[in-house]
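Given next, in structure tokens, is a single chain: the form predicted on its own.
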Amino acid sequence: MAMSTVSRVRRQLPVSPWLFAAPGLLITGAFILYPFVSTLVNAFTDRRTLVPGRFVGLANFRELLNDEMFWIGLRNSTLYVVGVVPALVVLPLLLALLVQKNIPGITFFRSAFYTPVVASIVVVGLIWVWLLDERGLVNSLLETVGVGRVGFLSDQWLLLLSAMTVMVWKGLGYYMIIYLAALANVPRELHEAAAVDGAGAVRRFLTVTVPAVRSTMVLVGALSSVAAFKVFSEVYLMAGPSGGPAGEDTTLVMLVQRTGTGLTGRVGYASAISVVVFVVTVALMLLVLRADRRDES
């Protein structure tokens, strides 16, 4: 009886792990792998929303080279990375240092700094639109002090800068939590030894804290680079579906949404843009990781 039970369990073991993993595998296959493969295939076709399409080779990618809106989107997405990533690498670290110490009331500030992270991006976008509108709170204050109204949402570059500000503001709390976990692993003895040697707060930050959390800074840089290059919601909510004045604030992901949706959407061309976005984001992560390995060596 015992031997039969053991043999039955052995026969069931190879199947049981797959049964537990099946729901996750099905979800991954249906919502990640299949769309990814489908996008790769569609990038080489002229498929539209209601038309299957035919194979056109590299025609979509050649068209990208002559598409002015593609270059505008690539420029804005690149500027977004340049403007957002340094801020999201440095500012959350400084914020984490401020809230790291256990003093009365610090929990309130930690929660307050993290609140924008859990807030809906739609709500956050609408709040900032109301603040920066021509008749919003910020312009009213500027007019009160005699500066005059500023076109935060009507000027091409100010609109892009405003969207960057929203993304940094919303992401501060998220990356602050990552840095808090890293700072908790920094030995206190290193700071005490540096203080004994006469190092001030700034010097201890540069010689002790930064080297100790450098790997975390690389992680934050990689995550924020990908998020910044794939930005959509912030710019879409503040600039509108048109992408700002004359579409000058359009990003690549906005261009994908605009090109590939609707009854006459060019799914094949939008898929080609998506492939470019994927390649660039992978390249960004590889560059960040390679720079980190070079510094370690």
Partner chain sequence: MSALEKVRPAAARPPALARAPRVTDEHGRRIRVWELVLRYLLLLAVLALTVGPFLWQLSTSLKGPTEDIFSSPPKFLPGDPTLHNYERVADTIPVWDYALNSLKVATANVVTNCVGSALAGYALARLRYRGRRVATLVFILAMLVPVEGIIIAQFTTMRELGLNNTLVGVVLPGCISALNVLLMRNAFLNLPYEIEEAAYVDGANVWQRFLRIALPSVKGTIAVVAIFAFMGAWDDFLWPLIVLSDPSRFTLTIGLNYLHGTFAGDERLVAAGTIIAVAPLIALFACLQRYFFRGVGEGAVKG
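Numbering follows the first chain given and starts at 1. This one's a predicted model, so the numbers in the text were calculated from it and none came from an experiment.
We do not show the form predicted in complex with the partner chain, though everything after this point is about it.
Participant: Would the partner chain in the predicted complex be within 4.5 angstroms of a non-hydrogen atom of every residue among Phe44, Ala59 and Leu158?
Facilitator: No, the whole trio is out of contact, none within 4.5 Å by any heavy atom.
Participant: Based on heavy atom distances of at most 4.5 Å to the partner chain in the predicted complex, which listed stretch, 135-143, 206-214, 81-89, 68-76, is the contact stretch?
Facilitator: Only one stretch qualifies here: 135-143.
Participant: Tell me, yes or no, whether Ile106 is in contact with the partner chain in the predicted complex, where a contact means a heavy atom of each within 4.5 Å.
Facilitator: Contact check for Ile106: yes, within 4.5 Å of the partner chain in the predicted complex.
Participant: Check Pro35 for me: does it contact the partner chain in the predicted complex (non-hydrogen atoms, 4.5 angstroms)?
Facilitator: Yes, Pro35 sits close enough to the partner chain in the predicted complex that at least one of its heavy atoms falls within 4.5 Å.
Participant: With the cut-off set at 4.5 Å between non-hydrogen atoms, does Gly260 touch the partner chain in the predicted complex?
Facilitator: Answer yes; at least one heavy atom of Gly260 falls within 4.5 Å of the partner chain in the predicted complex.
Participant: Would you check, heavy atoms only and a 4.5 Å threshold, whether Ile178 touches the partner chain in the predicted complex?
Facilitator: Yes - in the predicted complex, heavy atoms of Ile178 and the partner chain come within 4.5 Å of each other.
Participant: Scan 25-63 and note down the residues that get a heavy atom within 4.5 Å of the partner chain in the predicted complex; none is a fine answer too.
Facilitator: In sequence order, Leu25, Ile27, Thr28, Ala30, Phe31, Ile32, Leu33, Tyr34, Pro35, Phe36, Ser38, Thr39, Arg47, Thr49, Leu50 come within 4.5 Å of the partner.
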